[in-house]
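Shown below, as structure tokens, is a lone chain in the form predicted alone; questions about how it binds or moves come after it.
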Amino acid sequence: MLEVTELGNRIDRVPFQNQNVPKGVGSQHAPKRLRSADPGGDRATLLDQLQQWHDRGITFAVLFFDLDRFKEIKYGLGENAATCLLEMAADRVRHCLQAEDVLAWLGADEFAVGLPRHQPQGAAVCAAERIRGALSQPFRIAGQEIRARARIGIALNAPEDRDPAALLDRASMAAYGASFDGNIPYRMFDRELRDRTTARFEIETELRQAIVRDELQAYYQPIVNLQTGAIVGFEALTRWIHPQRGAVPPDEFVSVAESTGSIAALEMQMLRQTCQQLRSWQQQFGDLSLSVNISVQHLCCPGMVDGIARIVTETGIAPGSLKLEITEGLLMEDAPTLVAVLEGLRSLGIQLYADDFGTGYSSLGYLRRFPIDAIKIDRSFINGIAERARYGALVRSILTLAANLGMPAIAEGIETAAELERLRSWGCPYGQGYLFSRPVDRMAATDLLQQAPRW
């Protein structure tokens, strides 16, 4: 087996302690060590080996994977810790392979494996499961326990495949596909994935241009005081109006923005736009609030708190009228960093809302750990409360919890008069949903405020 290049040239090698790697795999033969000076040497050696297998008519598979949270570890714990992680990960993967396999470090946190087999698909899936299992175990580095799982892409060669680099690209594309297919452990390359990935890359390119061209617009859904029936604020929702495609659904571009790192620029642009609109409404209609969704990726960006503080100051809104919504399921991803950021936002007077409350696994835990001001009850609990007693019991429990903690609750997804009446009778203070209005552009939202409806 050709082994990954010695990353330990820069630091002392860390012994691999492997308690959970399958025994008896790749241990019968002493591997031949590859001593390339840089990752390019590993890549060239891998491609050369793949070409030799192809020329000799040997069927094979290529696996590609990278390590989750590698950049976070590198910037948070330093270059040495990141290098230790790469070394230890390479050792674990090597113990999952057989003597004839090729393991290559491609640079950064990317690795590839070549598997020559008579039945490459089955062998590749088995290898992917072993690698995934080995890397899922925590790493002990710099006195800390670190988790860095992998997403694995698999590509199989065919007789007509003459370019090994193209096969490596397919495996990389499959790993990318695994990340946006619900972050599944591994993904096999196929034509459907190729078409979807090509379309996704097109969206990435066009989205960057859209941010520059201000093609992203804010739509507003009213938030209603359920006891008085009056509009008290709006939730701002990002909509992309493409010049050729028309309206692009949020689920097609928000995840792209998150995965490509452009989510911060997108959200800051929308935040500035919506805060300016809020100030205009406040001058015309009086006290109103604005809720804006913020991703955890954006929250962890350096300078995020200062950037929001500048927008609040420049637009002239009262900080207390801005509510930042954070999806509940994301609150536990990087707790220490998030606590500091959220406390910084709270110090500005900005309020923090827990969105989609009740859908995650740690609702009560994060209410204790994070400085949350209000909770938004997920629409999945609201739909059907008029017909299903169990749903109603859950919502009443959430409302009681919020009241005992001194937190306002906002019910999402109210669609019927019966749902509205139930929530009113249970003392739910606020709500939003299609019963009141669908998300509308700023002109329609202004018209709605002028009409001053009461529900």
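Residue numbers run from 1 along the displayed sequence. Not measured: the values here are computed from a predicted model.
Form predicted in complex with a small molecule: not shown, discussed below.
The small molecule is not drawn, but in the predicted bound form it has no heavy atom within 4.5 Å of residue 265. Mapping the unseen interface onto this chain, residue 306 falls outside it, with no heavy atom inside 4.5 Å of the small molecule in the predicted bound form.
Residue 314 falls outside the set of residues with a heavy atom inside 4.5 Å of the small molecule in the predicted bound form. In the predicted bound form, the small molecule lies farther than 4.5 Å from every heavy atom of residue 74.
Comparing 136-144, 98-106, 276-284, 243-251 against the small molecule in the predicted bound form, the single stretch with non-hydrogen atoms within 4.5 angstroms of it is 243-251. The single contact residue among 132, 272, 194, 379, judged by any heavy atom lying within 4.5 Å of the small molecule in the predicted bound form, is 379. Only one of 351, 172, 157, 238 comes within 4.5 Å of the small molecule in the predicted bound form through a heavy atom, and that residue is 238.
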